[in-house]
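Shown here is one chain on its own, the form predicted alone, set out as structure tokens.
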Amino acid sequence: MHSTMQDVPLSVRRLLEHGSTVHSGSRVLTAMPEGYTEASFAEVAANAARLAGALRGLGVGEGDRVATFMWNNQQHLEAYYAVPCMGAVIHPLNIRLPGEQIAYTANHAGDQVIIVDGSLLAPFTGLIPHLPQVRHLIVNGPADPAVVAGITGPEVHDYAALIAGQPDSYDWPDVDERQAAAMCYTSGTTGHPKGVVYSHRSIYLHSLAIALPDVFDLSAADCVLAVVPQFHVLAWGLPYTAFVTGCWLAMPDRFLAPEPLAGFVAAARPNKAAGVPTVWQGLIRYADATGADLSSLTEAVVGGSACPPSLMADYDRHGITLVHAWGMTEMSPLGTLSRPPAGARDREAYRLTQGRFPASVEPRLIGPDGSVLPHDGHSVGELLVRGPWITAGYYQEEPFADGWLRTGDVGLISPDGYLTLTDRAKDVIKSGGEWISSVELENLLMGHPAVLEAAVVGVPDERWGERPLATVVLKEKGSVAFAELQDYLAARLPKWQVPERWAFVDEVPKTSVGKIDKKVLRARHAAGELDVTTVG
């Protein structure tokens, strides 16, 4: 027996049409050196139509890749809709990757047109000789005329001039919902970055899911500060779910340092936010030091890497709840989000987990021998996932053999569906046959009043095979002895897990999306570049 339900394609076009009509008055706010600009969703849709017309005039057709090299702003949002809705594929380039990796991803994706913010044009020009297939460069906003004049190769256009005079409507095609709409690349911590292609269907379903009350909890009554970059897994889907729900978007553009970001919060008055821990650490330090007005914020979703409990406590003091989330580029990115269940007695314990899986994400834990482990809150294994917004394979590579994405994360799952990650598989420290969680050590160390940041890696040890090395960044004017930090950990952990090797560092190395880059620390240790002290 077959149903008689209508089979309407789940496409980005439907999100655009809904948001620009039902929520036509909702706004996108873009930070400027002073204050911000704003545009309605109806205006964004009209400009998206103009941009699509202009791109078609430049020869962009179905399936062609249009890249962006941009901050989070109104024009980037317009491209997010124009490109997939016309049947092409939007590819936000990660502006924080090394130049050779940016060129690799643009060439691997086959980008033919790139939209570049004027403030990023000067550094981008060094990449142009390495991008032979790029035919058109579209510059958004003011740029140095000398830089523009010096560009050879692709034809250069001004964004505003290019779309001026184009019709404010476009005959959007009805694309297959399984057709590619967007693509992002992993941050390339090992080897070349890998491409992940998102379909119209996966974006549509993901946009519905993250709006749910137990996830981002978004409605037309909200204004969300999207600090997470649009090149980082499509800003976690916020540009698309905004048009589903009508929530306003506050886009910080290039003003991400604590002072201008705090000023934007005070001016735009967002009540919700999303970003990585390093951003929230800098913002709260600035607010504590200056009394900056963050009073409009009620909660912020934190993803990209584990959020230290001490950071949650810092925001609690300001009446702002940090909400843990976990996901991956391969997952669009939503995997879990941690809101305590109704009536939970130990709400803090739930908050510190990575969170609960939504209905569309199916998890599995496997042991070293490949056996499937129970979700009993005790069994630790590698996490596998599958679902309708999780990639089945990387771009131009073979699909995953068994249909499950191996996340490379190690953890446990409670009977009520909450995930606790203990480490990345490659970062777990195996000492004398026992496992030590580097994440747990880091979180505990960052709870010490003198410690700003900490990163822990495993290093070779003749007796135990491997032992933890703790690297520590002190707070300004902070002072502490390594022996005191050992005692601090020993009061909270089995003694055999407490590191003997310690080093102070000026900063913890980070990847382009704000995660601790442990391969850099391991390499610095192997090269003898860290001033390591052995205690006890």
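Please read all numbers here as calculations on a predicted model, not as lab measurements. We number the residues from 1 along the sequence you see.
Keep in mind that the form predicted in complex with adenosine-5'-diphosphate (ADP) is missing from the display, and what follows is about it.
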For this session: Tell me, out of Ser296, Gln281, Thr186, Ser431, which residue has a non-hydrogen atom within 4.5 angstroms of adenosine-5'-diphosphate (ADP) in the predicted bound form.
Result: Thr186
Exercise. Taking adenosine-5'-diphosphate (ADP) in the predicted bound form as the reference, which of His525, Arg13, Lys515, His23 has a non-hydrogen atom within 4.5 Å?
Worked result: Lys515
Seminar exercise, completed: The stretch from 361-369, 257-265, 138-146, 317-325 that lies within 4.5 Å of adenosine-5'-diphosphate (ADP) in the predicted bound form, judged by heavy atoms, is 317-325
For this session: May I ask you to state whether Leu421 is within 4.5 Å of adenosine-5'-diphosphate (ADP) in the predicted bound form, using heavy atom distances?
Result: yes
Exercise. Do Ala306 and adenosine-5'-diphosphate (ADP) come within 4.5 Å of each other in the predicted bound form, heavy atoms counted?
Worked result: yes
Exercise. Even though adenosine-5'-diphosphate (ADP) is not shown here, does His232 get within 4.5 Å of it in the predicted bound form, heavy atoms only?
Worked result: yes
For this session: Determine whether any heavy atom of Gln354 comes within 4.5 Å of a heavy atom of adenosine-5'-diphosphate (ADP) in the predicted bound form, and answer yes or no.
Result: yes
Exercise. What residues, if any, in 328-348 have a non-hydrogen atom within 4.5 angstroms of adenosine-5'-diphosphate (ADP) in the predicted bound form?
Worked result: Met328, Thr329, Glu330
